[in-house]
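Shown here is one chain on its own, the form predicted on its own, set out as structure tokens.
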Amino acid sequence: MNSLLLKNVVLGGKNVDVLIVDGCFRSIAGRIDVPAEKVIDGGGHLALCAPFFNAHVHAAMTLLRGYADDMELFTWLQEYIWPIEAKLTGEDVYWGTRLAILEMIHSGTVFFADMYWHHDEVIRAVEDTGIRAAVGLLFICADGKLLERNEHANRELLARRDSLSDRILVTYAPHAIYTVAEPVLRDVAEEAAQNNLPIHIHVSETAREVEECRAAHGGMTPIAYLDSLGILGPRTVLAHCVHLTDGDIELIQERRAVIAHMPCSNMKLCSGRFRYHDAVERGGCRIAIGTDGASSNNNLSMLEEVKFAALSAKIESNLPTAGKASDLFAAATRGGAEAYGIDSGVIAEGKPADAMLVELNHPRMIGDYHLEANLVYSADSSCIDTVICAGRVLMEHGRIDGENEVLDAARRCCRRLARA
């Protein structure tokens, strides 16, 4: 039996003890006096909070942070990102993913949904660190046909998905409608349904994408086009969704698909403003929060992302009441977990023990009227003291084992890429 006892932590404005056994919250009470393998004393100044679930990221792109900035999306992708990604080795992806995980843990994240190459190396990084992840089966086509290396890697991972850690799930991850041919998208929809796996795809990110889709598919928007292929459903995560019509919003809501909102990347690439108020508050669409990759954000802090999500909701709708802190914190925690079918993102007895401890004795956390408001509008990574995933302590009092090794190895990868 693995056990962890959190003593004197703040939950719901009260000081409590929390017993975690075999990866789940066993008991939450005013006082718990039982032996445990490990004890962390919150001293009455560490708040126990739900951690973040990053709904969309390209983790290993930490190695490309700052490589190509201040560009339009398609120029950025076609002339800079895709050429240098072709030079990435499996070892690069391993250390780039380790670097991403390090950064995410420091900012309170216990899960990420990845869409990238070299599945085995991503999985190795996840297994080595104890975090949760959704590893995407990447689909990209050339001349209408799925890239051979994608097809081989995807089949291999599908064949062994049942042997993976229970912290790792597999998704179908067709890149986008402009990089995946229609027959392949139809196959993805059929296979995902047969295998009962989520689908994770970029969609309606730019005005150009929408215009080209309408021209190629009889006036259909990207959302309508995906629906016609059987892609949309309650296990579909739609990354970006910047350019949505009212009809798109109704369709997403009807199909119960999830929008992964990434305001920082949307703003940096000048993709546009997501209609948060119309889609979520009025339209009833499900929403989660993601960071996108570190080459288009340029960090992986969900704390920063929820603040930008709140601010962009207000400025886009011209309503200061839009994008409430409590709603966006829920989207970044429970919303991300639910999007990928994980029964987590809340602090409650019987739930998986995923959590972060936030330092309340921090300049950014005082005044202390509303904890969630402070987390959304004020906090940064320095406020995150401890991170727990499935009952395992990933970071304690700001320290992560092996951090310097990861930093050194990732820097070596970057220097090699710079010479390539």
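Numbers for residues come from their place in the sequence shown, where the first is 1. Not measured: the values here are computed from a predicted model.
We do not show the form predicted in complex with another copy of the chain, though everything after this point is about it.
Comparing 148-156, 298-306, 216-224, 336-344 against another copy of the chain in the model of the complex, the single stretch with non-hydrogen atoms within 4.5 angstroms of it is 298-306. Of the residues given (His277, Arg124, Arg235, Lys324), Lys324 alone sits with a heavy atom within 4.5 Å of another copy of the chain in the model of the complex. Proximity to another copy of the chain in the model of the complex, defined as a heavy atom within 4.5 Å, holds among Ile131, Val135, Ala330, Cys264 only for Cys264. In the model of the complex, another copy of the chain sits within 4.5 Å of a heavy atom of Pro363. Although the partner is absent here, Asn318 sits close enough that one of its heavy atoms falls within 4.5 Å of another copy of the chain in the model of the complex. Using a 4.5 angstroms limit between non-hydrogen atoms, Arg411 touches another copy of the chain in the model of the complex.
Within 4.5 Å of some heavy atom of another copy of the chain in the model of the complex lies at least one heavy atom of Lys268. Each of Met71, Ser107 and Ala418 is positioned with at least one heavy atom within 4.5 Å of another copy of the chain in the model of the complex. Shown without its partner, the chain has Tyr377, Ser378, Ala379, Asp380, Ser381, Ser382, Glu403, Asn404, Leu407, Asp408, Ala410, Arg411 in segment 377-413 as residues with a non-hydrogen atom within 4.5 angstroms of another copy of the chain in the model of the complex.
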